[in-house]
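Taking the form predicted alone, here's one chain by itself in structure tokens.
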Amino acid sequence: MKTFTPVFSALAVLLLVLLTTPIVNMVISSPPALLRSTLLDQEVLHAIILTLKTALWATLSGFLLGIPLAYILARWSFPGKSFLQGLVDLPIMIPHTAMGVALLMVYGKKFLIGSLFSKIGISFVGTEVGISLAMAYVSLPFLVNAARDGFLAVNPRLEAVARTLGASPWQTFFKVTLPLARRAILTGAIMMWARGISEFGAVVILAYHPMVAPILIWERFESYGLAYARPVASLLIIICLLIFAVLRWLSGRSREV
């Protein structure tokens, strides 16, 4: 035990240093005046707002579609369940540029689903809808897996008691199961939203324009070099850290309730 704790502590500190050094260096490398002028750049401001907004829409759609699937995975046993779980995790394993090509070949205007949606005025290529679609596709596993674990942590006997007291399945789900699993679901939603913000590969293939912040950073780096890309990257990191801290604080407050 005398050597166990120091070794593990040293390895943990080393990992934290490796994780935080690039972020801290990025933040302190850009002076406040440069960050302020970057924030006033309309192209940068629009890209950041677009990124946050489309990631939020992706998370909300993931919540609507992913929570039922998570509950099924947590409560039901059926043939092929492990295969279904593998399908949920599939977007994590596939390179996201390849996934962007796959999405384009389904939701592009020349392909079946894309052509059907285009007839009712919905386009996925080069639109905010397409950006949200790409973000949702690659980040949905974070929400589904977290919600599944949250539902697994809820004792099924509580649901059975609610049913015996006269509650319908819908009432049991919304008044018993969902509130008890809310912490895990909220954590998964935060992770899905954060993953959507950072998405580049699938978005750049399906919807290069309008540009989200990761694509703008890449374009400025390719066109003008590190000096022009760095303040945009620093600004995005700071904004994400602030929002992430607020969401984590709200998540912590929900645990105390």
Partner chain sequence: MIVLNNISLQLKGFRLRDITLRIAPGEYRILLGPTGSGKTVLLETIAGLHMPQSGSIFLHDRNITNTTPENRNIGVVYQDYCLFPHLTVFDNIAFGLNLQKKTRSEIAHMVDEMAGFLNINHLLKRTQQYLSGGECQRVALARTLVLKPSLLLLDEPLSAVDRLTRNHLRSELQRIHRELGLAVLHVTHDVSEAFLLGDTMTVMRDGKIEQDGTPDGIFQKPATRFVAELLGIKNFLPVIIMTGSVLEVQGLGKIHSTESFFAETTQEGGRYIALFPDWAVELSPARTPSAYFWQGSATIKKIRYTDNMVQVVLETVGNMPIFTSFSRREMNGLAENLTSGSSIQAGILQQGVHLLSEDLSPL
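Note that the coordinates shown come from a computational prediction; the quantities given were computed from them, not determined experimentally. Positions refer to the first chain, counted from 1.
One more form of this protein, predicted in complex with its partner chain, exists but is not displayed; see below.
This chain is displayed alone, yet in the predicted bound form one of S82, S115, N155, T97 has a heavy atom within 4.5 Å of its partner chain; that residue is N155. Here is the short version: of A160, M105, M93, L87, the single residue with a heavy atom within 4.5 Å of its partner chain in the predicted bound form is A160. Per the 4.5 Å heavy atom criterion, its partner chain in the predicted bound form is contacted by stretch 167-175, the sole one of 143-151, 107-115, 122-130, 167-175. The shortest heavy atom separation between I72 and its partner chain in the predicted bound form exceeds 4.5 Å. Residue contact check for V101: none of its heavy atoms lie within 4.5 Å of its partner chain in the predicted bound form.
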